[in-house]
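The form predicted on its own is given below as one chain in structure tokens.
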């Protein structure tokens, strides 16, 4: 059995059974445009093709383990179980402007071990396959369709480091943006990375229209190294060289994520250092209030005050660098930034998964 999203295998299957390649276009239209999930109900196909699909393909590899929506109805978190019983999460964010964004996972767990992120406590369990990423997207598309809404944006900011699963993430972007499939604009896709410098350049060449977000979180090597182990491999000068090349290739603005942790990342001199680092660049900074979450309780971190965040923003204004203070969505259902660690009903599934991977 293989995924219905594997176009090459589907076409081969059709041809092996004596059917013309054009039949794939009918399958494609049924799955991505008409949102049909039962192959036997694709009326544009002859019965023998429907039977072939039913016998050889699966529509979605994920099983919904749980679903939570916050009281305001803005955020819905899905906890999925993969076919090999790994847990992953995806989050729908319904913005007041009317756009709907899906935050998808690219790995089960995460190898980056950032000290402020609950998901990093898991370590890497495994990379997700491209169809498992698309399966998250299809869940969201169907969920929003029931609400008479459409998915507008996808952000690869869920569990995992997308650029360490580059091939599968790339394949999923191609499916999401293919005009005959989900037909999302490349400009409405954002990939967030801790700073895998060589892949940033690959990404620029392969996806010049897709947006790039950098999890920076500190403006100097010493401060960043304390909270992000990736700094040991790709220090800020190496990271910025890669970003400069990205901008040269794409001429696109880069989004910098900066988490505001009391006494750790919010020292006022850091605001000036951040301004010096990014001045004159195509940059936009998103200030993210720290979210204490399951798996990060022991670090002692606390959120920064709004006054300090505003001072950071005012400093960047003086350098001509635009910035946004991120509105936190989903923190009350453990779906906000840094909280995707598989917590459900006060039971840390992250801990359970972590134990099993070490056995």
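Keep in mind the model is a prediction, meaning the values are calculated, not measured. Residue numbers count along the first chain shown, from 1.
Separately, the form predicted together with a small molecule exists; it is not shown, and the next lines address it.
K.L.:
Between the options 75, 193, 165, 211, which residue brings a heavy atom to within 4.5 Å of the small molecule in the predicted complex?
P.N.:
Residue within 4.5 Å of the partner: 193.
K.L.:
Looking at 61, 291, 323, 304 here, can you tell me which has any non-hydrogen atom within 4.5 angstroms of the small molecule in the predicted complex?
P.N.:
Of the candidates 61, 291, 323, 304, 291 is the one lying within 4.5 Å of the small molecule in the predicted complex.
K.L.:
Of these, 267 to 275, 115 to 123, 93 to 101, 232 to 240, which stretch puts a heavy atom within 4.5 angstroms of the small molecule in the predicted complex?
P.N.:
Contact criterion met by 115 to 123 only.
K.L.:
Give a yes or no for residue 221: in the predicted complex, does one of its heavy atoms lie within 4.5 Å of a heavy atom belonging to the small molecule?
P.N.:
Outside the cut-off, so no.
K.L.:
Give a yes or no for residue 203: in the predicted complex, does one of its heavy atoms lie within 4.5 Å of a heavy atom belonging to the small molecule?
P.N.:
Taking the distances in the predicted complex, the answer for residue 203 is no, it never comes within 4.5 Å of the small molecule.
K.L.:
According to a 4.5 angstroms non-hydrogen atom cut-off, is residue 169 in contact with the small molecule in the predicted complex?
P.N.:
Because no heavy atom of residue 169 falls inside 4.5 Å of the small molecule in the predicted complex, the answer is no.
K.L.:
When the contact criterion is heavy atoms within 4.5 Å, does residue 257 count as touching the small molecule in the predicted complex?
P.N.:
Residue 257: contacts the small molecule in the predicted complex.
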